[in-house]
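Next up: a single chain in structure tokens, the form predicted on its own.
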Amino acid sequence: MRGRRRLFGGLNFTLRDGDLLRVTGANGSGKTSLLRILCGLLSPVCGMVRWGGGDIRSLREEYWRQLLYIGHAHAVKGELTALENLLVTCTLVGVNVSRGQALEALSRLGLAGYEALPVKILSRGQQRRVALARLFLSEKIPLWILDEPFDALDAGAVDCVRLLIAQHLSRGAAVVLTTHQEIRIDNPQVQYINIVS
């Protein structure tokens, strides 16, 4: 619910190893709200989200350690450099990475030469790449939840992120994402939810 308006209801789905769930719908239809419910950041009006058979509300930190959430907002600090943002974010979520690994992740997303610049002077697409660099460092995390991961990216970065998602799925992980773009991600196990407002 948003205010008195019902965004969606009656959702029932199961994600298995290697599943991709694509959530589509118009702006304001509730896609981000659904992702935030799946992350445990919002509570559903009724029903529950389960992980490994347990309610995520009771699992809390145990569940969050197995989840990578990259929201529609970049969630980067403008005063920090691209490298500092990546290192701090990984530390906060308990992913141990070296400076070299972080530099490599930024480079692979086309940010070589920008690592030491404050994020506030980078373009919107470059800021998005800083946030998405976590994907390179999160291959052991079994659930990725990504809100508009291709937003503000050029074709090369879109291909890079698309391939990262496909590789993660091939390792047996699950991915939930929203997108307004028709981007092909090679995976035979795809589910769709279209939220109609």
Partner chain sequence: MFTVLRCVIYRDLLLATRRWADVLTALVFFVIVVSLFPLGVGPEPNLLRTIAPGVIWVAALLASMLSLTRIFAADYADGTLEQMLLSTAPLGMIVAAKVIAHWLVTGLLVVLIAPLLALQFDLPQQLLATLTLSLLLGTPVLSMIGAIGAALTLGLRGGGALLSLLVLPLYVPVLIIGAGAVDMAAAGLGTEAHFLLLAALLVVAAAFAPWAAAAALRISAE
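Positions refer to the first chain, counted from 1. Note that this is a predicted model, so its numbers are computed, not measured.
FYI, the form predicted in complex with its partner chain isn't displayed, but the following is about it.
Between its partner chain and the residues R50, K140, R171, R65, the one pair within 4.5 Å by heavy atoms in the model of the complex involves R65.
For the residues L163, A152, A26, L42, the 4.5 Å heavy atom test against its partner chain in the model of the complex is passed only by L42.
Using a 4.5 Å cutoff between non-hydrogen atoms, S123 does not count as a contact of its partner chain in the model of the complex. In the model of the complex, Q101 stays away from its partner chain, with no heavy atom inside 4.5 Å. Looking at F136, you'd find every heavy atom of it more than 4.5 angstroms from its partner chain in the model of the complex. When contacts are judged by a 4.5 Å heavy atom cut-off, T81 counts as touching its partner chain in the model of the complex. In sequence order, T91, L92, V93, G94 are the residues of 91 to 113 having a heavy atom within 4.5 Å of its partner chain in the model of the complex; the partner itself is omitted from this view.
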